[in-house]
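We begin with a single chain expressed as structure tokens, specifically the form predicted on its own.
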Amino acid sequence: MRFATQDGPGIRTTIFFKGCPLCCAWCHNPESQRFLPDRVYFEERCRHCLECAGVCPQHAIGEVDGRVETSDACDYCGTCAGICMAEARQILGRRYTLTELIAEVERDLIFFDDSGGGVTLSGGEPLSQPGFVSAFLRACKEREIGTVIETCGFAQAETFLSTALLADRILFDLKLMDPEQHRLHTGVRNEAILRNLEALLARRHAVTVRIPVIPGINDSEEAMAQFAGYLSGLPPVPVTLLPYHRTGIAKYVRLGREYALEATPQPAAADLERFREVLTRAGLQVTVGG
């Protein structure tokens, strides 16, 4: 994603790596959860010409009760996407070599230089591909391109530190403090995540903690107190509250997946301010993001 302005300083190019060890109920990039390519179907664009069904090698596409559907026989080959003139079918995710990805980034050097921007590695979870990410970060450093990693923090400690410390700044997502609640809503417990955050801060690396504020999940008085108590006991670290939004719901429809938080509203400004005040009273530097 070019010309990004929310994922670090200046004008940035954000690279979304596929694959994530978490499966957060509120994830707004569900297409990045799998390590392999995903297929998406834009029903509103479909002309029902069924040319896709005619070329599908697996005979996985057909019309059922007026709807064009794809069966589990699909192997994500992309033949249907290649023939669809309406772009109703697309395959998300492709392989890059290091040379190819650096070439994509270098197209934007003039914007980085003028704005103090650079590259942000997002996902998915970039640190789930540590070998490639490490090589990419070193290549960026050689070219004096600023780098930021967005991470959930879930990785083996040695791998996490050796890769994350190559970036200029870490945007570290902290979702819940209670280990069992964290497992319930993300699929994993959070002990390793907290250890990795503490290790980063012990090395005085540039880190911003980001808390996605999800109504009914992590915005109770108890949850806010847990965040405040934990973060106030760490070396000083800026905190950004990220209000939950519903813009990713359409992605679940296109992926043919159910969205677990269909009834969850976006947080009100007053609720975000209440959260901010709890953290501020604990001595933390807090901003509310977009």
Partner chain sequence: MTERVARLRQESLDTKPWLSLERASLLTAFYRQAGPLSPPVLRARSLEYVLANRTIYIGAEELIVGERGPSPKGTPTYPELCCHTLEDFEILDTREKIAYCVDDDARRIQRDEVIPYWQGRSMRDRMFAEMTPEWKCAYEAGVYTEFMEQRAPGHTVLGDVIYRKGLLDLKRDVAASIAKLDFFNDPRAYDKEQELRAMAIAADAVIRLAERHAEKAAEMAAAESNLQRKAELERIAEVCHRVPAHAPRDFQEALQAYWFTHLGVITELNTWDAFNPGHLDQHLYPFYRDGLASGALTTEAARELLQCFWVKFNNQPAPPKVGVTAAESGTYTDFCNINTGGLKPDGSCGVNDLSYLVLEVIDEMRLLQPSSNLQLSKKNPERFLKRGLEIVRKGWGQPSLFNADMVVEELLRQGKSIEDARAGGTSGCVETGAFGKEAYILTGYFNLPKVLELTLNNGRDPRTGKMVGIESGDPLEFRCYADVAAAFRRQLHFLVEVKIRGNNVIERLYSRNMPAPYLSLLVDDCIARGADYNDGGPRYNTTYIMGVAPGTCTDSLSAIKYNVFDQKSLTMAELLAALRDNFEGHEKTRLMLWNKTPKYGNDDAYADGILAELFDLFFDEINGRPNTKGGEYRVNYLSTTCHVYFGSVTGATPDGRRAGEPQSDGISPAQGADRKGPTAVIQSAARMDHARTGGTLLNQKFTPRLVEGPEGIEHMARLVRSYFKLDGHHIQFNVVTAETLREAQLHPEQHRDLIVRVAGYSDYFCDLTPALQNEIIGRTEQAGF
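All values reported here derive from a predicted model rather than from experimental measurement. Residue numbers count along the first chain shown, from 1.
Missing here is the form predicted together with its partner chain; even so, the following discussion is about that form.
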query: Segment assignment from 224-232, 245-253, 33-41, 63-71: heavy atom within 4.5 Å of its partner chain in the model of the complex; finding: 245-253
query: is_contact(A86, its partner chain) in the model of the complex, heavy atom dist at most 4.5 Å; finding: yes
query: Partner contact for L98 in the model of the complex: its partner chain, 4.5 angstroms, heavy atom; finding: no
query: In the model of the complex, I110 touching its partner chain (heavy atom, 4.5 Å); finding: yes
query: Contact of G82 with its partner chain in the model of the complex (heavy atom, 4.5 Å); finding: yes
query: Listed residue that, although its partner chain is not shown, lies within 4.5 Å of it in the model of the complex (heavy atoms), from H59, H48, R257, R45; finding: R45
query: Triple contact flag M1, Q6 and D114 to its partner chain in the model of the complex, non-hydrogen atom at 4.5 angstroms; finding: yes
